[in-house]
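This document opens with one chain alone, in structure tokens, the form predicted on its own.
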């Protein structure tokens, strides 16, 4: 799956990343983490056949099967690489077998007993085949947590293009742009999101911080006041707002064209 996504890797190189000696096997969490370690978005499909077939048309899909019984499971990971509709069969890479043919009935039974778990490795910027904004953004956020914000800019940008109203996608994109030093672009994203969510204290706090980095002290103070009014209760967000306020108040102003609101810029 990783090789198909453009990663140069062998099973031997992956062994220590995914194999748990004490359990003589691997678990989903190791597969997901190893995928992210190689810079890919580890996207877990919705547990439905439609999603699996849609992804297989584009890329290989790792699935968890139970080749035994519900009461006596025999767990096994395989890669679905095709579906033969004419013969009602599924084509897999399974263990050392390059082309295993299973009847659709046999496969669906084993997959159902495995909880219908499946995943793909997406290059940042690629989107899943199905319309699953929340699942995709969660997968990107997990890659960000493991590899840092600069690893996911293109992934968040693709999500925003497809789902422009998705709060976490746009917030993630803005934070990633700021982490890359593209502060003007980040502020524009924060402002766009603030227009969608005018009472969102997190967005307003981040917008104020971006404006401060541009030297826009007066606008930053104005925005942090809005954030303070939007988040009156004590807590982690309130603490972050007060920290941003103190930083703004201690900073000099540095006027410039970038300090105008997005809609007022030429």
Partner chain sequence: MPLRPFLRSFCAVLIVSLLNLGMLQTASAAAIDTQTAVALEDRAAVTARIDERLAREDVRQAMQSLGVDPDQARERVAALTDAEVLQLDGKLAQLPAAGDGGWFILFIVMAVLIFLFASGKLNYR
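Since the structure is predicted, the reported quantities are computational estimates derived from the model, not experimental observations. Numbering follows the first chain given and starts at 1.
Although it is not shown, the form predicted together with the partner chain is what the next lines describe.
Colleague: So which of 162, 182, 76, 109 gets a non-hydrogen atom within 4.5 Å of the partner chain in the model of the complex?
Modeller: Partner contact (heavy atom, 4.5 Å) among the options: 76.
Colleague: Considering non-hydrogen atoms and a 4.5 Å limit, which listed residue (141, 188, 81, 123) is close to the partner chain in the model of the complex?
Modeller: Checking each option against the partner chain in the model of the complex, the one that comes within 4.5 Å is 141.
Colleague: Should residue 56 be classed as touching the partner chain in the model of the complex when contacts are defined as heavy atoms within 4.5 Å?
Modeller: Residue 56: no contact with the partner chain in the model of the complex.
Colleague: I'd like to know whether residue 69 contacts the partner chain in the model of the complex, with contact meaning heavy atoms within 4.5 angstroms.
Modeller: Answer no; every heavy atom of residue 69 is more than 4.5 Å from the partner chain in the model of the complex.
Colleague: Please run the contact check for residue 46 against the partner chain in the model of the complex: heavy atoms, 4.5 angstroms, yes or no?
Modeller: Flag for residue 46 set to no.
Colleague: Is residue 30 a contact residue for the partner chain in the model of the complex, using a 4.5 Å heavy atom cut-off?
Modeller: Close contact exists here: in the model of the complex, residue 30 approaches the partner chain to within 4.5 Å, heavy atoms only.
Colleague: Only counting heavy atoms and a 4.5 Å limit, does any residue of 156-190 reach the partner chain in the model of the complex, and if so which ones?
Modeller: Sequence-ordered list: 156, 168, 171, 172, 175.
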